[in-house]
Ligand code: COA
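There is one chain below, alone, in C-alpha cells, taken in the form predicted alone.
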Amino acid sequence: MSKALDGVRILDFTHVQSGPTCTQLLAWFGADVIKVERAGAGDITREQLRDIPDVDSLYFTMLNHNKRSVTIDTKNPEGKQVLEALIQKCDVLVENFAPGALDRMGFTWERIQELNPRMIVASVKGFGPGPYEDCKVYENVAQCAGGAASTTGFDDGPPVVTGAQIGDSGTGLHLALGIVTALFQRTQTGRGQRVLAAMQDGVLNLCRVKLRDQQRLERNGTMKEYPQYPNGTFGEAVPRAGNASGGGQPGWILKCKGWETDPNAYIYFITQAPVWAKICNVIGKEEWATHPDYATPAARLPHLKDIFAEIERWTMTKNKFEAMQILNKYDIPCGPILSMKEIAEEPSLRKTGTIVEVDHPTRGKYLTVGNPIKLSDSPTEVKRSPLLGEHTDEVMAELGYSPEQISALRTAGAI
C-alpha cells in the first residue's frame, strides 16, 4: 500500500527535538527524510542522556525513526556542492538552527531559490519577528514566553512548566502542518515558499483558552469556574488554576484508594451538568440533585470545593480503575492519572501502534511512541533510527555520484 507522502523528499537539517519531531512525522507518512549530520558527531542528542555507553541515546532514537542519515562537512567547498545537489533534488528543507545560521552557511532564501524554485524552506525559531527574534529558545523558555507557565500550577505557588513538550514537539507538529499545506499550494502555483513556526506562537496556540480567559477577566473582574471564586481574589492577569478544567464543566483531581503510597493513585473527575443527578446517586448524596444550593451549575459554583471534597470521600474507597468502571457505566466523565510505567505496559496502546517496540542493531529492543495520527490508507510502520552516516553512500549514488567520486569526496573530508 502506498504512503500519503510517497515521492516527497525532505532535506533534514534539524537537531534535538522540535525539528526532528516534525521530520519524523513526515517520514511516518512516507516522505523520504535525509538527515544531514556532522561527521563523527551528528545530532547532539545521539550522546545526550545515554543509558548505554557508546550507543545512540533514547533521546535520539525516539525522534529519528524512518530517516536516512548522511554526514557532510558543510564548510568544505566540495561538501557544499553536495548540499547544493541535494537542494536541487529535494522538495523541502527543514531547519531549526539558531537565527541566521543557514544564511551564514551560504544558503540564503535567495540562493536556495536559484538552486530550486520549488523548494519549501521550513524553520522552527524561538520567536517570530519582534524584539526577541534573535534569541535562542528551549522547551521551558517557550512554555514561559508562550503563556503556559504563568497559568499552570496552584495559586499559592510559583509558575510551573508542564511535562508535555508543548514548546518543542508541539511546535514541530505545527511546522509539519505548515509544510504539508505549502506542498499542497505548490501543486497549484508551482512555487516554493518559506514556512515559519515560532515556538512562542505554538505554545500560545495551545494556550488559547487562557487568552480567552484574560479577556473575560478584564470584562467581568472574576471567573466563576476558577478555584479563586468566590473566596479568593483575582488580579489583572489570568491566575494559576490548579487542576480546574479549561472549559465550562468543573473538574478536579481526586485521591483514590492507595494514594498514601502510590503517587499516581488519583482520578480526574468532571461534574458535568447533564449527569449531575447520577453523580449524586453514585456518591450517596441523592438530596443534592434537587437542593437549591446544588441543583444547577450556577448554584454549584460557589460550593465546588465542598462538592469535590465529598466526591473524594467516595473515590478514596476505590482504586482509580474501579472508580472509572463504575463512573463510566453512568457516562460520568473521568480519567485515571496514568504513570509512564502504566502507559508503557498498556496492551491496547501496543495494539493501536501508539506504543511500539523497535529493534536497534546496537541498542537492542526499546519502546517508543508511534504515530499519533492514523490514516486508513497510509498505515505507519515505525522503523529504527539510522546509525550516523549510515546512508551517505546510498544517497550520494542516488545523486549520480560514482563509487570513485564518492571515495574521492570521502578522502577530501567532504563526506
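Given the structure is predicted, the values throughout are model-derived calculations rather than measurements. Don't overthink the numbering: it's just position in the shown sequence, from 1.
One more form of this protein exists, namely the form predicted together with the ligand; it is left out here, but the text below deals with it.
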Exercise for review: Open or blocked, can you tell me? Superimpose the site C-alphas, put the ligand where it sits in the predicted complex, and call it blocked only if 3 or more of its atoms are within 2.4 Å of a backbone or C-beta atom.
Suggested key: open
Check your understanding: in the predicted complex, which of the stretches 185-193, 147-155, 236-244, 103-111 has residues with heavy atoms within 4.5 Å of the ligand?
Key -> 103-111
Practice item. With the ligand left out of view, choose which of 91, 73, 213, 310 has a non-hydrogen atom within 4.5 angstroms of it in the predicted complex. Key: 73
Exercise for review: Select from the listed residues 224, 291, 136, 208 the one whose heavy atoms reach within 4.5 Å of the ligand in the predicted complex.
Suggested key: 136
Check your understanding: Does the 4.5 Å heavy atom contact test between residue 68 and the ligand in the predicted complex come out positive?
Key -> no
Practice item. Tell me, yes or no, whether residue 250 is in contact with the ligand in the predicted complex, where a contact means a heavy atom of each within 4.5 Å. Key: no
**Study point:** Contact test in the predicted complex: residue 363 vs the ligand, heavy atoms, 4.5 Å
**Key:** no
**Study point:** Partner proximity in the predicted complex: residue 18 to the ligand, non-hydrogen atom cutoff 4.5 Å
**Key:** yes
Practice item. Heavy atoms within 4.5 Å of the ligand in the predicted complex is the criterion; list the residues of 165-204 that meet it. Key: 168, 199
